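Shown next as structure tokens: one chain only, the form predicted alone.
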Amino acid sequence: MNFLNQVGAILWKDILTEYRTKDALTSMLIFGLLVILMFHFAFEPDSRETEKFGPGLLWMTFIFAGILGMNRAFATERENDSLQGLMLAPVDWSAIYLGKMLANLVFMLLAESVILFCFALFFNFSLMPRWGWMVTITVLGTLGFASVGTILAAVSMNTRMSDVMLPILLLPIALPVVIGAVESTAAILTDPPGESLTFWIKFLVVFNVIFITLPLLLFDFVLEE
């Protein structure tokens, strides 16, 4: 079995597990929609405060909903000791990381698509003229967050308070991608899009290259520990 087939097998396993349990998606969607609903009552739609704080509120919802999903990334393997089976299987350990990361990316993007739709509906944001940029920023920002979150979920998996340790470890490291995603989202909400948009898009691309490559190189050491 080549490397891509190994990654696909891990990805498909996690998708099937989530399809049967719906733990991660349900928790992310419920949390995200509740946060959007609370913000809807806290800020008046079409107000300047909404335009000013909207990108930050949106990505804060994405990030904290994503953390709920990340906590489930290795929960099944920890509870059933199946991670040992994956480690003993004839697969490259970096394929385990990549498959898990892609699964987290898929789950987060599915939840974010619903959250983004509700956000645009509640706050009267018209994203249709900018949907291409919004999709690009969302994918890049989520990819960077998922790449860091997956390896840190593996690091915190065996700690006594893994649910608490993950956000403590993840948020400081993922801060650059959050800043880049918020700034680029704010740039596309101006008409015309802000000149800083290209810079922040390139920033997200560079962040993703670095923080996908490093976990691939370091994941073997994480599993050995």
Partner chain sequence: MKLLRVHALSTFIAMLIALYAIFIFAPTERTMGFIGEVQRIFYFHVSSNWTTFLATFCVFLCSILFLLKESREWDIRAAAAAELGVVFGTLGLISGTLWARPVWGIWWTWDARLTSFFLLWLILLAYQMLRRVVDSPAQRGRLSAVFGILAAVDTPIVYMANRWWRTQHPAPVIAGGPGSGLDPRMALTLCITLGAFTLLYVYLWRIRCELERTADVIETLQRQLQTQGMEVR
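Residue numbers count along the first chain shown, from 1. What you see is a predicted model; the values in this text were computed from it and never measured.
There is also a form predicted in complex with the partner chain; it is not shown, and the following applies to it.
Fill in: The single option of F43, F53, F199, F64 touching the partner chain in the model of the complex, heavy atom within 4.5 Å
Flagged contact: F199.
Discussion item. Can you tell me if I30 lies within 4.5 angstroms of the partner chain in the model of the complex, counting non-hydrogen atoms only?
Written reply: Contact with the partner chain, no.
Practice prompt. Answer for L175 alone: is it within 4.5 Å of the partner chain in the model of the complex, judged on heavy atom distances?
Written response: Answer yes; at least one heavy atom of L175 falls within 4.5 Å of the partner chain in the model of the complex.
Worksheet item: M161: heavy atom within 4.5 Å of the partner chain in the model of the complex?
Response: M161 belongs to the contact set for the partner chain.
Worksheet entry | Non-hydrogen atom contact L152 with the partner chain in the model of the complex at 4.5 angstroms | Output for L152 is yes: heavy atoms within 4.5 Å of the partner chain.
Fill in: A103, F107 and F119 each touching the partner chain in the model of the complex (heavy atom, 4.5 Å)
No, none of the three is in contact.
Worksheet item: Out of 205-219, which residues reach within 4.5 Å of the partner chain in the model of the complex, heavy atoms considered?
Response: Those in contact are F207, I210, F211, L214, L218.
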